[in-house]
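One chain comes next, on its own, written as structure tokens: the form predicted alone.
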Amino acid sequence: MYIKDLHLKNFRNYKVQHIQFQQGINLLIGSNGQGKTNIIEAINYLLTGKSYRIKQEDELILWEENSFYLNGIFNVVDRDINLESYYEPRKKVMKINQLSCKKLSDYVGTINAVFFSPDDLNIIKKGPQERRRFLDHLISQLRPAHIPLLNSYLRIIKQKNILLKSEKNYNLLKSQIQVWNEQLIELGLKIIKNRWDFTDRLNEYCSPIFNQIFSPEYNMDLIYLTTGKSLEEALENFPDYIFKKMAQEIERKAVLVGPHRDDVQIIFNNKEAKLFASQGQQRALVLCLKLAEMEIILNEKGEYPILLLDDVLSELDSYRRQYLMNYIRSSQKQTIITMTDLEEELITCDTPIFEVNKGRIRRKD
């Protein structure tokens, strides 16, 4: 799968811009702050219906404008698909082939992409939320029903937290919490199963990639941390954990157990990567995760997803950088790469080079 045409209107620092991409490698070259990453963000927004950089979509609108519009023509299995996204405050429209989608889950997964930037180091360095987000994003691309499942679960968590903070009558509070808990158990069991299954799949695909970019004496493992050491144990224990934590939740006025507090532990050489891997090793581990994501999507869809690399090559050491470039060139993977300086090793006679300057893009002859 690949993107053929991208049209932006009033998005970030672009007034009106049209870009025609090719299969294979496409290079976006320009100084920092010129709008390279905004192109990557626009493609990602078209595919997912949200920005990976900000929560307030109003910030995506060009200064002094009141809406933005994105349109992309993508090719999947030799068939063109037209994705559109229009946004103005309090109004959002997503379309597939001119047909509006009522739910985000009807839209996400139509076209797949894997996005990789220096900020993805946070998957390892920061807290559980970053690792849950990475895992949920992968699941949602291939199992769009995971999106409403998560949204419903988080709405119930919010309502339960409000109840814990506001209700003063202990007996009434206890009975109302039980109602919310029944819903949390039903949804939480499904989320735990989805995440456990995809953690197993990531382990399966990470292993051969890891072996190629690390010395043989090292090892890597992903462990989904939830209410049990096996999927069966976790599913069996979760309802009991909810019940046992009720008194403590009432005392602390917060929801203390559930998938919203789970984690994915990344193990490097039998130790937690967050604490014991060097920054270079952590970058290489993230590379493993991203390439495993590529292979999982290929296995499900029969085509590689689009690979979006935002200023990431300069962050890798020479060996892993060369490994990534060999991986990109090994088959028909459309890859869109942003960088500040043009590097000859990336260029072939048919590599399109786009110069980005102050919200304007010109293809270099």
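What you are looking at is a predicted structure, and each value in this text was computed from that prediction instead of being measured. Start at 1 and count along the sequence shown; that's the residue number.
Beyond the structure shown, there is the form predicted together with a small molecule, which is absent from this document and is the topic of what follows.
When you look in the model of the complex, the only residue of T340, Q332, N66, Q322 with a non-hydrogen atom within 4.5 Å of the small molecule is T340. For the residues L60, L308, L316, L46, the 4.5 Å heavy atom test against the small molecule in the model of the complex is passed only by L60.
Mapping the unseen interface onto this chain, N26 falls outside it, with no heavy atom inside 4.5 Å of the small molecule in the model of the complex. Of the heavy atoms in S31, some are within 4.5 Å of the small molecule in the model of the complex. When the small molecule is considered in the model of the complex, R53 lines it closely, a heavy atom lying within 4.5 Å. With a 4.5 Å cutoff on heavy atoms, N13 counts as touching the small molecule in the model of the complex.
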